[in-house]
Structures are given as structure tokens and as C-alpha cells.
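Below you will find one chain, with nothing else, as C-alpha cells; this is the form predicted alone, and questions on how it binds or moves follow later.
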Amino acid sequence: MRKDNFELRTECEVLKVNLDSSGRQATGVTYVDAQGQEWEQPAQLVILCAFALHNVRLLLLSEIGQPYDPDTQTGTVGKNYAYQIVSAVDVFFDDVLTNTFIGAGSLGMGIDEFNGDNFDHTGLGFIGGGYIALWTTNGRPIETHPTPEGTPKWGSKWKRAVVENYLKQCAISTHGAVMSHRGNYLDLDPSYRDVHGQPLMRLTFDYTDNEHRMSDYLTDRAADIGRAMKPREIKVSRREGHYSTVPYQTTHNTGGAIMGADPKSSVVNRYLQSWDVPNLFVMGACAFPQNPGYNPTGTVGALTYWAADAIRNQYLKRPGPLVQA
């Protein structure tokens, strides 16, 4: 920010990436400021660094690439959306003080033996996996108030159960991968629009039998661990039925502008450079072809450094496609 050639414009929202008449070169972006006035910012190089979902929405709004069609299996922008699937086993003690309000978020123990292909899948009926962990995340007061099975959802009995168990419990969580499926994708909503009159993002997603089988397997292993701790009781919370946004799960959305070696099946190349518009780069978890058991943040950072290095040491010296289609 101390550099003379850098300017940060807050309270602004990019509406689209502008293209030249050929549709193969970005000329800048159109954005709106806090007063609602539209501006055009010319640029020789455009880098999308919004959240994964909004990166995809900007590509669709800018008509860059072919939108994915789940019926014909054509197009790339919006395909391979993937999420994560989680479950938990709450463990309750009579005479053990766990004091879970003390912790730093990253304090805990993780088990990787059931992640990815780290275990034998023979006869299990699913692919993929995830980690099992017991994290201490500060006992967040709005989210963290586990109660035993059969406790009312509200009222005096619920409050009493929270008080009696708050200091004598812990939660074992599972965090599972989600495979990419043909019917899970992102596109522009045909009906709903934002304050600027542009279509909102529409997310079409549901868990499949593979995710449920895998998550149930992880949950059973977590329950085994919980019982081995010799508690008073445990409560197993599985991710059952259809996907729902109501219970908080994770915020780790991936896919929609995936990277690959072929423009027929991906949106960006290995340097996160758009196949269709070479002076456009797209950063973020939208580049993931699917979602692993672990959170995508570390890999997002690594890919961004990788892409930035390619921009600085390759693209700026010789603008154009860094990978030949």
C-alpha cells in the first residue's frame, strides 16, 4: 500500500470484466462505487480474487467461457462445484473437566488414517475419505452448547442441560471430502437479481450416496473413539438426508472455474490463467476440481503464489497464453 502505483478503492463492487471486440482480451472492469456511480477501469491485466463463488459469477456475467450445461455435459464455467460433509460425536463426562472454552481454535488432535486413500476401501462402497479431529475452538457461546440426547431444544430444561454439561464435554468432528458430480454446479439464476439488476448466483447441489456412506464410516470411527474415552454418554450427529444450509457446516466452497490441462474440460490452465482470455487470471478455491477432506485455504495460498510467480516471471515478459491448448 506504500507503493506510488497502488490505489485501494473501498466500497466498490466490480460488475463485470470488459472484453475487446474479439472477446479474447480483457480491457479492464466496470465497477460501481458507494454512491452507485459506474466507472470503467482500463487494465492490461485483470486478476479475479473474489470469493470462489463470486469469481464464477463474474465469469458468467462477463460471458467469459461457456457455461456448464448438466444435461448436455458441455461447457466448463460453473461445473465441478463441490462442498464438504461433516458430522460430530459429542462426548459427555460426569467427573472430567474439559474446559473447552479455553483454546486457540487450532488446538487439538487430528487423525489422518481415514483421509483420502490412506486406508483400504475394499467392500466399503465409497471412494474418498476425511479426517477425524478433536479441536478446542474457544467454546463459542452462540455455536457451542452441546447437550445430551433427548434434551429439549429450548426452555428451562435445555438451559439446565447446557449449564450441567458445558465444562464436561468435548466434540469429535469428522470432515469429509466431496466428489464432483454432474448434477452439482453453479449458474446464473433466471429469476432473482441483485441491487444492480444482475442475476444472482444459483447453486445446485446435493450429497450423493458416496458422500453419505463415507461420512457414516467416518462417524462410526469417531463414535468408537468417543466410547473408548469411557464417558457418561455420547451423542452422534450424522449428516443425513439432503443438503441444507440451515445447520452450520463449513464455508469451504470449491469448483466452478477449475484448472486443468485441456480447455475443453477446464476454465483455467495450471497457472490459473483463463484459456479464453489470456490476460485474465482467476485465483481461489474455484480452481479445485473437487473438494478434499482438508480445508482448501493452504492450497489456495500455494496456488496463488504459484500463479503470481508465473505472472511476474513469465507473463509480464511475454504476454500471452502460458500453456498452449
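Each residue number is its position in the shown sequence, starting from 1. Nothing here was measured: the structure is a model prediction, and the numbers come from that model.
Another form, the form predicted in complex with a small molecule, is not on view; read the next lines as being about it.
- The partner is absent here, but in the predicted bound form a heavy atom of Pro296, alone among Pro296, Pro278, Pro67, Pro263, sits within 4.5 Å of the small molecule.
- Put simply, Ala308 is far from the small molecule in the predicted bound form: not one heavy atom of it is within 4.5 Å.
- In the predicted bound form, Tyr248 approaches the small molecule with a heavy atom inside 4.5 Å.
- At the 4.5 Å threshold, heavy atoms of Ala34 stay clear of the small molecule in the predicted bound form, well away from it.
- In the predicted bound form, the small molecule sits within 4.5 Å of a heavy atom of His252.
- With the small molecule left out of view, the stretch that reaches within 4.5 Å of it through heavy atoms in the predicted bound form is, among 269-277, 35-43, 255-263, 49-57, 49-57.
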